[in-house]
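Next up: just one chain, as structure tokens, the form predicted alone.
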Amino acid sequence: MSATTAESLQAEVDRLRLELQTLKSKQGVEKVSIGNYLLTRLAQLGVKSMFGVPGDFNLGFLDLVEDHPDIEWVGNCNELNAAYAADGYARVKNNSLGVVTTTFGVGELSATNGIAGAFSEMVPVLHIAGVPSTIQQKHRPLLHHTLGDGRYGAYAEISKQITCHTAWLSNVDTAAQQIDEAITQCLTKTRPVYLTLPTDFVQEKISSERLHIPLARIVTQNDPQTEEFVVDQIERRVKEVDGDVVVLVDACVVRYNVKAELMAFLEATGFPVYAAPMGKSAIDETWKRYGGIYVGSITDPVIKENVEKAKLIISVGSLKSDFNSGNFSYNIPTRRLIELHSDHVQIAYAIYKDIGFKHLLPKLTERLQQFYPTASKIPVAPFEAKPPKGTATAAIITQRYFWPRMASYFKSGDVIVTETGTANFGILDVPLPPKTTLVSQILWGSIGWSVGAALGVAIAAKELGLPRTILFVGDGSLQLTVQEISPMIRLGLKPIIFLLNNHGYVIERTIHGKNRKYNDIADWKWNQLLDTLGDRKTETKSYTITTPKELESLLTDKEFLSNKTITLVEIIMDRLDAPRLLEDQVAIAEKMAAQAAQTEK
């Protein structure tokens, strides 16, 4: 029996034990408050930090949070940033989740954009909303933070659109079961859930018996006969093409925690492997069989040819959004494609539902390792940084120089956060060291997300003993969520913030309105920012870099590399300069739009 199968069986046993426990009498069992029951469940799953903003409907619960021995309260500057931080935290803490706590109405609605982004990007975030007491909900007085029409459940209805599960606590006897179900759904579906906590339920006592049974992600077992048939079909297809196979890795490999199973598959088969943008860092990019990033028609020509000439492509965890697929420009015919997903497999035009890759990959590994002698000889061009000639001696820093140059700055174990915009595109051509984690929001794409996320990432990285958190963010994006640098300083975190100052929204200028005023912003005194947002006692460092020569000097400076303090590095760039992939993405989008318009005529 594989380790994956054993884990799944244990999770199912625990789930059944919980169901049986619900039916049993709780007489004589030690009691615990509902608030502490919830906190114990979170602590059991490795949650050590909770994000949010205090409000009068969650203050009683926050007393318990502050007094809890294993969970720290991280006070954010606003609820939107708190949701972003919980998102970032969850992406780094595998098999755990991010938690954001808000107050009724005004607080929870402020967090909505962040929760929606976590839903879109498949990130497990638990949103706890402190709500009025059950008595107030019953009689519906005209309370503050309501809409003034007695609809106390209106905000929960909104949350249903951007979460996979909603738990409205209204019965003490079922509270524990509802909490467990909400957390399990969050882990299993890797999407946000919404949980209300009435003020009068926080201290209500319930049985602690269920706490002896752990919660975990439930991975459904594949039907044995269907799975065996699928394995046979895939083996047959690989034999038909004499092992001429390329593997394409995408976002869901990370989201559904199958990195270990996938790496075992790749090592055993020797198949070349490439990644989509949202799958970057899912595979060790220094591995000899890794070839780089595939983004449809805007891919580097060598990578594009190597992927598209393969007789068979096995795609794992694909998520074909516009920015993740070169504006839907994959040149891979369906008849040459096999897709492995968390809940189904597609072989050419045939779809096999309820066959997930978590259990399928180990079986494919056993069956397809026979092709290693052939597959391992398929050439893979090294994935290397390629700075254009002459840019290191130029008078200004360009995107084409900056990103390849940063490749040698990164270290094993780094957690890198990139902002929606130039950073998301620029980082794609940069090979990353082993055990590096890239955190980005390519699908939802909310500008400013990276700053709040970087707070959660830095806290999670510190909890895991990871050495550095590095944030790349544009000046326009930073102005949206800049407040969250303040808790970074307050908590003694030491991220390195590379601020790309191009005097406005370059991604928008690239798309439309190069010289329009709506894409311009105020040019802040960025080298004074950390002092302004700091606590008057924590040391900070700030630099302004204008030329490649200055950047070269900084990246070799021992004081800078010591990472003793939170650091901001302002990189001055031209207001119209954009990474190659961003320019190509916009160009192909414009071309497709023109073709579609012509077709409609």
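All residue numbers refer to positions in the sequence shown, first residue = 1. Note that the coordinates shown come from a computational prediction; the quantities given were computed from them, not determined experimentally.
This next part talks about the form predicted in complex with a further copy of the same chain, which is not shown.
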Run the contact test on Y256, W287 and S412 with a 4.5 Å heavy atom cut-off to a further copy of the same chain in the predicted bound form and return yes or no.
no
Contact with a further copy of the same chain in the predicted bound form, heavy atom within 4.5 Å, among N306, N502, N113, T436 goes to N113
K525, K353, K389, H212: which sits within 4.5 Å of a further copy of the same chain in the predicted bound form by any heavy atom?
K525
Can D250 be called a contact residue for a further copy of the same chain in the predicted bound form at 4.5 Å between heavy atoms?
no
Closest heavy atom of V53 to a further copy of the same chain in the predicted bound form, within 4.5 Å or not?
yes
Taking any heavy atom pair closer than or equal to 4.5 Å as contact, tell me whether K564 reaches a further copy of the same chain in the predicted bound form.
no
Does any heavy atom of K514 come within 4.5 Å of a heavy atom of a further copy of the same chain in the predicted bound form?
yes
Which of 444 to 452, 168 to 176, 381 to 389, 354 to 362 has heavy atoms within 4.5 Å of a further copy of the same chain in the predicted bound form?
444 to 452
If you look in the predicted bound form, which residues in 49 to 66 sit within 4.5 Å of a further copy of the same chain (heavy atoms)?
V53, P54, G55, D56, L59, G60, L62, D63, E66
